[in-house]
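Quick heads-up: it's one chain on its own, the form predicted alone, in structure tokens.
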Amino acid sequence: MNRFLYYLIIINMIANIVASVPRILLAESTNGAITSMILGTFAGLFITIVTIKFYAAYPKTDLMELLNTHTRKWFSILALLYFAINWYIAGLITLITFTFILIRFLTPEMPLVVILFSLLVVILGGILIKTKSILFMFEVVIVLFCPLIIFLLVKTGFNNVFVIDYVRIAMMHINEMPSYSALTATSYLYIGIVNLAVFNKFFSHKKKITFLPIFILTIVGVVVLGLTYFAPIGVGGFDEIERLIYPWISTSDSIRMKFGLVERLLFIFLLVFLAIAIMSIIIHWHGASKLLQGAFSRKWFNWKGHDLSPFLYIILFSLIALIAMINLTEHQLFKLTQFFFNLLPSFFGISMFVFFTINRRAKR
């Protein structure tokens, strides 16, 4: 399997370690979180396999071309608009979550709007670059930050503040019925593969699904999930852990690097995961912009031979982000995120229907 496919999935997994996924899992710690993680892993792998298998049949073609070639115009516009909204909301949730994290832990005196605009400047610049260049940005970010992330996670898991007895208490709840919210939150970790809708255009060879890549993804997913759920419990204890708003941030703040240049792990942790989160938002919003460009004719946005649609879309994205940032509280954002995750089964159902429609019409 192409290495960029791994990047699509892994970036999404890592970006969500500090976002709402651990909070949802820990909130369900006594309501079947472990069973949900097991089932969610199988569901995520199934979605990954089906998505790769679909796009493997159409190398060098993105979803926009497939819909516009093989389906009716109204169907294509509705499908692309639906996917674009989902891509945008996924990026928006990450953006607002990290804005709240920054003001709470790193820059408490700075106004929220200033932090938002500071992040938007970087993100919007990333959205406007070529799709192929974003693929190479993945690689740079993964190569630069993954070793550091692995170090931070290992440092957390093998620290003397980590108490294995708390993990054993959590494991005693393995026989409970699964929770729907925890199941969808777990599946969301694997959703990075759906970005093939935009990036499949740059995969020229047919992708074969063999045992090894699925095994690697399973191991990576299980490790990420295990750390996402058990590390905050091991450090903070099992009782009342669900009350933490950002469990992983609090966990990293409990750990010191005695001989490091920066003693508090929190600052390194925040900066590293901020870079990963920005990359994740760029992927989602770049995808949303491309899907909207595929849905609506570029002739509508032409001015003196220049396509202005990408600029109009990023202005629209920024305005919605600003309105959401001003009006949402952290609690409302968490509820919105939980609601968005709970809609994942319908998202996958619609995706499967779109895949089926394209396949059926392509065979005619």
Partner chain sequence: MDSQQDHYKPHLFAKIIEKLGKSDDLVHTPMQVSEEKAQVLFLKSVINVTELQQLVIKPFFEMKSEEGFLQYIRSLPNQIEFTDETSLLVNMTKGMLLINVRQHYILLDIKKVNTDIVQLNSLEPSIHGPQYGFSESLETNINLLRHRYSEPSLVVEVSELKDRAKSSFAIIYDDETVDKNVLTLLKKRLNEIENPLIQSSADLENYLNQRKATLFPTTLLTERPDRMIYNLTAGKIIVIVDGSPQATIVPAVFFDFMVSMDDHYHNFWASLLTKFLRYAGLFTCILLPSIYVAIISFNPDVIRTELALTVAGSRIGVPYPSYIEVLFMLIFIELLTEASIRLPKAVSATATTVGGLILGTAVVEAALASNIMIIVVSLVAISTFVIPINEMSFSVRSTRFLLLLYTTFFGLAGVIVGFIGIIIFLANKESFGTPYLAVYWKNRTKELKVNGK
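Because the structure is predicted, anything quoted here is derived from the model rather than measured. Positions refer to the first chain, counted from 1.
Keep in mind that the form predicted together with the partner chain is missing from the display, and what follows is about it.
Contact with the partner chain in the predicted complex holds for none of I49, K60 and N359, as no heavy atom of theirs lies within 4.5 Å. Between 87 to 95, 192 to 200, 272 to 280, 219 to 227, the stretch whose residues reach within 4.5 angstroms of the partner chain in the predicted complex through a non-hydrogen atom is 272 to 280.
Residue V114 is the only one of L212, V114, V161, M172 with a heavy atom lying within 4.5 Å of the partner chain in the predicted complex. Listed residues I255, L81, L102, I149 were compared with the partner chain in the predicted complex; L102 is the one with a heavy atom within 4.5 Å. Among heavy atoms of D239, none comes within 4.5 Å of the partner chain in the predicted complex. The partner chain in the predicted complex comes within 4.5 Å of a heavy atom belonging to F4. In the predicted complex, the partner chain sits within 4.5 Å of a heavy atom belonging to V141. The closest heavy atom approach of M137 to the partner chain in the predicted complex falls within 4.5 Å. No residues of 229 to 253 lie near the partner chain in the predicted complex, the criterion being any heavy atom within 4.5 Å.
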